[in-house]
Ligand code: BGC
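In the form predicted alone, a lone chain appears below as structure tokens.
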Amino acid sequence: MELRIRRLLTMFVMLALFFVALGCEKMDRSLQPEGKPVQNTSFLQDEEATSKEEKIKIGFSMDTLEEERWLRDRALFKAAVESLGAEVEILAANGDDALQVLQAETLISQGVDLLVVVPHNAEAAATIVKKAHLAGIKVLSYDRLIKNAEIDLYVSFDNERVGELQAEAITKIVPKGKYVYIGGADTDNNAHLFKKGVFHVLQPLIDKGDITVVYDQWTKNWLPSNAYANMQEALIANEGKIDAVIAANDATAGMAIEALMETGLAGKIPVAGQDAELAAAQRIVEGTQTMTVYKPIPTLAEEAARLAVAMARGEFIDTDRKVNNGKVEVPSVLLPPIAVNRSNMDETVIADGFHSKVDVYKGETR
């Protein structure tokens, strides 16, 4: 009798388990689209999440976008970063130190993997580096060196060589005479490097008495209007008797030439600039500016983007040059600049596609 009861109980339990299993299967099917088999998609979700996590994001803090040159840097850097499968967030402070620090903090709070900085003020930007490092984010100094901070990499052109090229070109034309030097912003380390290169060439001639620098002034905030005022001041102080002008970039050179035009001296006095801006290239073929220094911005932007993404991925960057920024020897990549005048315009900026021949020559057949 007991054996019979046990068998009945066993059968009852087995039937109960069968119906429970059947109910679960129906419920599972009811949750799927009609006519489609059940699929395990959890691995796809994990793969998608991993892909999102691995997407590198670069923060790009720029001093300004008020000059043609920096608009070009922004576009080229963005395209280069995205071509490497990463993304970039770009903010520009337009010469405001406090705003640049605030914008950098915003990029840091967004969780960028690496911060690229074009500093307005080489000293003030050290604060940005400290904040980034506290958040575990490395910093690449783009084109301009951040001073007195432990930056992780500096990518630029050989800016002392830029100044040397300017002075070499002008001293070939004017080996003796009165020189005017219109510098860049005192807060920009590159402005100091340009000037150092210029005077490296001029100083032996100054020591010999062949050259006299009759005017030497910085241009506050790189503003062209300040460069114009400087040139006017130089002309007044020397009663228009000057023989050559070296300006820290093409924007300042352009305003120096405008002041020279007002006194009928444009085209008669050699003027050097740098950056190879379109307006400067046009002035060179017209004869009012003697030369510029071409720094292939596509090369700089692409190299900086490549290095930034590699660093963000944790790769080691090996460089053979270091630049002292007042605190550390900064690993550096310095690209060579190129002197450009009327004779090699076609073979340099035009051949590279930096400017079109139509734009440089304003549609004239050459």
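For clarity, every value in this text was computed on a predicted model and none was experimentally measured. Counting begins at 1, following the sequence as shown.
Note that the form predicted together with the named molecule isn't included here; everything after this is about it.
Interface segment, criterion being heavy atoms within 4.5 Å of the named molecule in the predicted bound form, picked from 171-179, 227-235, 269-277, 125-133: That would be stretch 269-277.
Contact test, all of Arg69, Asp188 and Phe194, partner the named molecule in the predicted bound form, heavy atom 4.5 Å: Yes: each residue has a heavy atom within 4.5 Å of the partner.
Proximity to the named molecule in the predicted bound form, single hit among Lys147, Arg283, Arg144, Arg161 (heavy atom within 4.5 Å): Contact check passes for Arg144.
Of Thr219, Gln100, Asn249, Gln166, the one that lies within 4.5 Å of the named molecule in the predicted bound form (heavy atoms): So the residue touching the named molecule in the predicted bound form, by this definition, is Asn249.
Neighbours of the named molecule in the predicted bound form among 293-310 [non-hydrogen atom within 4.5 angstroms]: Residue within 4.5 Å: Lys295 only.
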